[in-house]
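Before any questions on binding or motion, here is one chain by itself as structure tokens, the form predicted alone.
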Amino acid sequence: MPAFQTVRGMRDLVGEEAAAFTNIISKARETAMLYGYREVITPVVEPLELLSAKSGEEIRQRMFIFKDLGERQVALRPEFTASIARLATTALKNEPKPLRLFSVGSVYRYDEPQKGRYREFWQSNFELLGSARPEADAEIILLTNRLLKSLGLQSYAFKIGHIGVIRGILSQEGVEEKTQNAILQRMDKKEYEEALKLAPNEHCRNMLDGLLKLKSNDCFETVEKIKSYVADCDKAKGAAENLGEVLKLVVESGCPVQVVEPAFARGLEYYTGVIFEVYIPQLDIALGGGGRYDRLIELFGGEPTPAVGCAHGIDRVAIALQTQKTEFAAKIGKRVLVLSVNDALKVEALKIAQMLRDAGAAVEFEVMGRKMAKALEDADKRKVDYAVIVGERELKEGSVMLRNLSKREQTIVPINTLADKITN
């Protein structure tokens, strides 16, 4: 009898390969803890109707679909977000917002096997539900940055865009959603000529074609070009402005953004806002990516809920680390809430949060725009150890207000000694 082989596109992980996966998953869990995300475990098998609702035609055609013994149409999950949306409308529907959820495991797509692309692959997944504010989008990008940095990965860079720019143009031209999705699918695969052929008229084609040519070496300059280009389209201009807000928070917090892509699209239909992917120069495949999806929870029967999330390809990150011959290690600390007294101080507050995470503190950043008393009350209920309050007067003196939530004590602490004060 011949020895059994793995099914095509599946593989065994043994020894160093398995250790690499375990290490990446461990770092993803550590990142989840540092950012205040709690882990959830969802089924590998879900109803086909759930998984196909807004996945995109490309993914729907590549799902592993079968009937169970009860003649129900089910499928192996091709990604995590639909399962998280289902969970948010059922077991977690009465939970206070924001919901920060982390999951990790295998997902399945019937792709042609090649380097970095398997039919069974692993992802770490982060979802932030309940906030429509730019700092929520920024958090998802920054935690991706944190994860890759903690793994010791070098020379990685982010590509960022906003799906609302293209959808804004197409909506103004009267293009129905099904055709919009088809155009975006082709743009995702860089089949730009095919995408332009689907545009309903010459003006629409010219608008999309012009958008493709707006790139520059400066990401903020690209945003300004997009805003100017779509000035007569309110939805597209609003999307570009939102992209600029998120970009400011991300870049000024030290995240390496290499490209702002005016006509960037991803293969999932549910995106509504900022989208991103991350790459290293040695590989032409994305190591991870994500974006905003503000209508998916409602589609699955929940209350209207803004949401943003990302997934990191563990197989691909392992290949990237192997390519760069990188090794790594880990550590966790006190739980801290960082918040600013007003929006003008958000960037400085984000920098302080990043500094504390680098020192091993588990930091949650206030992304709900709540009044200070409410945010502190919430932190106290969740047994957070410290609150760092960034105020104008203290900041001018190079300090912040540090509140010990269990002892109900607060002091003014210089920023350069803050990490030591919290972690020692």
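One-based numbering along the sequence shown. Please read these numbers as outputs of a predicted model, since none were measured by experiment.
Keep in mind that the form predicted together with ligand AMP is not shown, yet the notes after this line are about it.
- Only one of 286-294, 243-251, 93-101, 148-156 places residue heavy atoms within 4.5 angstroms of ligand AMP in the predicted bound form, namely 286-294.
- Of the candidates Arg86, Arg316, Arg167, Lys346, Arg316 is the one whose heavy atoms come within 4.5 Å of ligand AMP in the predicted bound form; the others do not.
- A single residue from the set Glu221, Asp234, Asp111, Glu177 has any heavy atom within 4.5 angstroms of ligand AMP in the predicted bound form; that residue is Asp111.
- Ligand AMP is not drawn, but in the predicted bound form it has no heavy atom within 4.5 Å of Lys225.
- None of the heavy atoms of Gly105 is located within 4.5 Å of ligand AMP in the predicted bound form.
- Ligand AMP in the predicted bound form is approached by Arg266, whose closest heavy atom lies within 4.5 angstroms of it.
- Contact check for Ala311: a heavy atom falls within 4.5 Å of ligand AMP in the predicted bound form.
- The partner is not shown here, but in the predicted bound form the stretch 101-139 reaches within 4.5 angstroms of ligand AMP through a heavy atom at Arg109, Asp111, Gly116, Arg117, Tyr118, Phe121, Gln123.
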